Ligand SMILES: NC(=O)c1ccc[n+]([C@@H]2O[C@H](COP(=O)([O-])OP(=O)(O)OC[C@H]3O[C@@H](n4cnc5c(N)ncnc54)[C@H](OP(=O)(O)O)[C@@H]3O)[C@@H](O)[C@H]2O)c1
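Next comes just one chain, in structure tokens: the form predicted on its own.
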Amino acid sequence: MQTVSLCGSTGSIGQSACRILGQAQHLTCKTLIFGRNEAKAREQIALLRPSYAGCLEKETALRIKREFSFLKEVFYGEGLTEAASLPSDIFVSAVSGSAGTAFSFAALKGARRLALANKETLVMAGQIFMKEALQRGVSVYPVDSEHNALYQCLQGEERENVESLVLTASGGPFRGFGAEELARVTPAQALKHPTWSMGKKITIDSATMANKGLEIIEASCLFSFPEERIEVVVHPQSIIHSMVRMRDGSLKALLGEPDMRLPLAYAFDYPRRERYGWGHCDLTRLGPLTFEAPDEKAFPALPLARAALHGGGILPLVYNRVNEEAVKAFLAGKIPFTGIAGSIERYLGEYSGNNRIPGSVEEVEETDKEIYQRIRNDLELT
């Protein structure tokens, strides 16, 4: 029996993980950490019966502890990182955004395997994180569907035989839009993704293609490939999750339904492939699979990510934090849809030339906090 700690249980990826844990006979939930969705967390705790739980608010923690007597302890507030560091066989890092980075680092203290869905951990502090994971003997398995596909396609291949990594992108809801159309996009329109069911932030990131920009940075860190050897191709059907281009001209691709349970199950069970209750991909019913180059003029968040990665230093961190706050500003009606990429471009320009690489997670957090305060003031989010 393998023990699993789940951080971010009530988000879209966390709920997918709970569905697997609810039916897996060989997995048991040890720790369940959530934010403010107490109603959903209660359902999960009743179903999975973890030994420990964690949440943001003290009052919520007290209610949860009173209701579920089998819980040994309920952590809250600053104690959540202590909950994340509890020993477990597998830790699922599924908190969205920069807030998830602290939990990913805390998990390295107690987990043997990390199922990493929080891309910001690698964008903000990838070198530090991967080095510490190696030192502690923690295996890192990417849960982003694209990076999980790349991980699988790279299995058994000699590095010198790989020419490039190919990330696929759905193109979001505004594929084919021009600049004038994009300037009029509303939050309600941007939150309607054509393929995936996700949280608000990642849905907006998909619409701007900033999500794919973050994934370029993430892939470079995970697989140690330079930016110029990471391609992006728009594939609206989201059936091919990513590909690896080989030096002999062949392509390796991973196909599957757009269901986050697939990469989660791989991260849970590798090298086995357990049979769960979902169906197989029916090739005869898929219809045509199409591909096109991304429109980097209409969606400048993509080339801006390449510029941040190429520039190095704290620029990837700047890209991530500015995007995160600009998304909030857009959803609050303070900037237009095109203002998200515009904000990223502005701040990358202001921080360009800063090649200082933070030497510790504490330095990462300090730098991120400094940028956060400045951006929030500028975007009037305080």
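Throughout, we count residues from 1 along the sequence that is shown. Bear in mind the structure is a predicted one, so any value in this text is a computation, not a measurement.
As for the form predicted together with this ligand, it is not shown, yet the points below apply to it.
- Checked against this ligand in the model of the complex, the residues A99, M246, C281, A179 give one hit for a heavy atom within 4.5 Å, which is A99.
- M198 is the sole member of M198, L154, L262, I230 with a non-hydrogen atom within 4.5 Å of this ligand in the model of the complex.
- Contact check for D89, G110 and Y266: none of the three has a heavy atom within 4.5 Å of this ligand in the model of the complex.
- Of the stretches 155 to 163, 246 to 254, 293 to 301, 199 to 207, only 199 to 207 has residues with a heavy atom within 4.5 Å of this ligand in the model of the complex.
- Taking the partner from the other structure, this ligand in the model of the complex has a heavy atom within 4.5 Å of a heavy atom of N118.
- With a 4.5 Å cutoff on heavy atoms, I217 does not count as touching this ligand in the model of the complex; it lies far away.
- The closest non-hydrogen atom of T367 lies beyond 4.5 Å of this ligand in the model of the complex.
- Taking the partner from elsewhere, F103 is found to have a heavy atom lying within 4.5 Å of this ligand in the model of the complex.
- Contacts between stretch 44 to 81 and this ligand, counted in the model of the complex as any heavy atom lying within 4.5 Å, involve L56, L80, listed in sequence order.
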